[in-house]
Ligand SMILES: Nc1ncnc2c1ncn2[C@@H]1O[C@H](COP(=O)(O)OP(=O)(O)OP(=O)(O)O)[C@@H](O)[C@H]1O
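First, one chain by itself: the form predicted alone, in structure tokens.
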Amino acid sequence: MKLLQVVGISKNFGSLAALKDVSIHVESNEIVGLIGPNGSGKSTLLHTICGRTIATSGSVLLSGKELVTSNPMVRAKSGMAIKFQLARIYVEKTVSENIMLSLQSKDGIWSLIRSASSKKFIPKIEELISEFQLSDYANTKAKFLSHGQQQWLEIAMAMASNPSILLLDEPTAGMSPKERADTAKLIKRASEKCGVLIVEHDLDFIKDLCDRITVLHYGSVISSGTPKEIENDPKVKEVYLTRV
């Protein structure tokens, strides 16, 4: 069974058809890239998958469970986590506190009010900050992290929920070449625990990282395949690669 199945998704905003019968899937431990020119529908598709936008028609299945009309909270509880392009972190909280808040968000109110509730999270916090190269900044407020480190922190926060599918929206935007290379390694490591769907503009980053790539243009899928197949596809070269 495919982990994430997006089948025949269409989204209309009035008379504008932002997505037209889009289908894409992600297997367990697979990294799938989603690319396309500006205005191709990438963000709209990501939003219909995570529940920020409800599709006009189609299906979003996670481990066989239909979620197309579910709200973001239901999708998160079903195993979906997302990191948006702009980091959504608590800048006045430390790195450890940010991850603690993500871990606590999974617990019920009765668990949270117990005095020992936070202690049980310490091993997981240490594991995540080590995995995402933030051990030296555990007690540093997030506002003092570099741009790249803030992005890593938010991915770590998303991974705190042990998702089955991780959605990433341009995670390397604004990063240095060194940060992009480190981010690729971190995403590879994350894919050992879950499937990953990533929207990205950095084509070199995508082709070296992804198992498969899907290309959108004017709200429709024009090509899907391995990075090599996409790189050699004349339709992709015409509508995307020649415009960057």
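These numbers come from a predicted model, not from an experiment. Note that residue numbering follows the sequence shown and begins at 1.
What follows is about the form predicted together with the named molecule, which we do not show.
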Indicate whether the candidate residues P37, T44 and Q85 are all in contact with the named molecule in the predicted complex, with contact defined as any heavy atom within 4.5 Å. yes
Interface membership of E131, the named molecule in the predicted complex, 4.5 Å heavy atom rule: no
Given that the partner is absent here, does V221 sit within 4.5 Å of the named molecule in the predicted complex, heavy atoms only? no
Check whether K193 has any heavy atom within 4.5 Å of a heavy atom of the named molecule in the predicted complex, and answer yes or no. no
Is the gap between A18 and the named molecule in the predicted complex 4.5 Å or less for some heavy atom pair? yes
Given a 4.5 Å distance limit between heavy atoms, list every residue of 197-214 close to the named molecule in the predicted complex, or none if there are none. H201
